[in-house]
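First, one chain by itself: the form predicted alone, in structure tokens.
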């Protein structure tokens, strides 16, 4: 089944740059990730910022969510990274993307939290290539809000909106699709990640893995 899903993702990325589908991960993996998200202690979550390294800053004008980075120390984290590694190998063999590493975190949006329109990577910078999100919200209703809004490039109008239902998988080219997260009326959980290229130089290792 994984090979079929990986092929669908590859075809969609090649044809239109994004993939959206319900209940695509193995249900046991999704359940494990959900339980892990709920078990993360408050002190393990940190206010999310924008930018990297020396350019990293906290800005409530941009985002108010909190994150906990995946290190692979928990069984849930290990299972997630193993699944992602299979997808990485498949996409590299089919699309020749040169995906080198993967970074990931759990995200928690409390009621009213948001993340304004942004892109996950800047054009011309060989950093994040492909964004990946799995939503971990059982029994989510339309009136709960918290939609992911995807825009078509620089266009002002939304291309489509995605409700963060349990098990929904979203994959898209990081440079190509601005997006935002709308406020929700209840706690909203997800696990997000980014495939990156190896952009190391003689004086700087990036990414570090």
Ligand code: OGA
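Numbering follows the first chain given and starts at 1. In this text, all values refer to a predicted model and were calculated from it rather than measured experimentally.
Omitted here: the form predicted together with ligand OGA. The next part is about that form.
No residue in the set 18, 94 and 173 has a non-hydrogen atom no more than 4.5 Å from ligand OGA in the predicted bound form. Taking 148, 70, 184, 33 one by one, only a single residue has any non-hydrogen atom within 4.5 Å of ligand OGA in the predicted bound form, and it is 148. With the partner omitted here, the residue from 25, 192, 197, 13 that has a non-hydrogen atom within 4.5 angstroms of ligand OGA in the predicted bound form is 192.
Among heavy atoms of residue 114, none comes within 4.5 Å of ligand OGA in the predicted bound form. Shown alone here, residue 103 lies farther than 4.5 Å from ligand OGA in the predicted bound form, counting heavy atoms only.
Taking non-hydrogen atoms only, residue 179 approaches ligand OGA to within 4.5 angstroms in the predicted bound form. With a 4.5 Å cutoff on heavy atoms, residue 99 does not count as touching ligand OGA in the predicted bound form; it lies far away. Contacts to ligand OGA in the predicted bound form (heavy atom within 4.5 Å) from stretch 130 to 147: 133, 135.
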